[in-house]
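There is one chain below, alone, in structure tokens, taken in the form predicted alone.
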């Protein structure tokens, strides 16, 4: 079967794109590996009408509603390879037969490349977090920390201070320049130069961090902004133009979410520097509409 659109990734962006095409009665196939980026979080916050809902439940509900449309098919598995075939695309999924489509939507998401720090990984999405808009309110007015990973971390520390008294852990890195130090001081951010050696407390709870000199700093949550990488190699295989974002590469798209490769669209965290479930869903809507327009007029 040749689909009108093949969507790689079945999270907020991918399912939103698929819904627009399903409601246009177009043949759509959603390929999903079942590892959404937010699977580590117990609740999703800030999403319209869904604040506090477990992200897995939100995705299950969305997938169930999408499955009610007869033109939609789901394939569970990882997309491994993409090639141009005629005026469309062929996608190989986990060694199975190729799936053929006229248009392609990349929505496979990112993975967070977490720092190798004892006690951090098992707390990710609970008491070690990235986005304060998603997880800051739950730690309001309690002691917070930001781990220095790159130049963007100082900005993150200034931001986090709105939620609680904040310590910026340089983690053995260089002290910020005078201008940045002044901005941190204006936000009442404490600068701690010593290296962090471990997170402590009964996981997933966090009581604080242990420093290399033996001192213990009490924390309710540690915020980090890890580097990111694509969960799937298909954008590179197809030759999509990539941009350097503050935390990793993103796929360059136009206003309709089409990439530099005709017929290939991208939506969600992989296609924007700022990551948020609402943005991802909105991007998916735009990509789905863009694909539908291209099927008619392109």
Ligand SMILES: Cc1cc2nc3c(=O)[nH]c(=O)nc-3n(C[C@H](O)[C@H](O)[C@H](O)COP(=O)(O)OP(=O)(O)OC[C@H]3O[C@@H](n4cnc5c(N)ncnc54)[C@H](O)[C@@H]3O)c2cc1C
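All of these numbers come straight from a predicted model, not from anything done at the bench. Positions refer to the first chain, counted from 1.
This next part talks about the form predicted together with the named molecule, which is not shown.
Three-residue candidate spot 119, 170 and 211; no residue lies within 4.5 angstroms of the named molecule in the predicted complex by any non-hydrogen atom.
Out of the listed residues 157, 79, 104, 144, 79 is the one that sits within 4.5 Å of the named molecule in the predicted complex by at least one heavy atom. Within this chain, residue 64 is remote from the site of the named molecule in the predicted complex, having no heavy atom within 4.5 Å. Looking at residue 45, you'd find a heavy atom of it within 4.5 angstroms of the named molecule in the predicted complex.
For residue 34, a non-hydrogen atom is located within 4.5 Å of the named molecule in the predicted complex, even though that partner is not displayed.
Residue contact with the named molecule in the predicted complex: residue 9 places a heavy atom within 4.5 Å of it. Considering the named molecule in the predicted complex, the lone stretch of 65-73, 253-261, 34-42, 236-244 in range is 34-42 [heavy atom distance within 4.5 Å]. In the predicted complex, 124, 125, 134, 135 are the residues of 114-148 with at least one heavy atom within 4.5 Å of the named molecule, listed from first to last.
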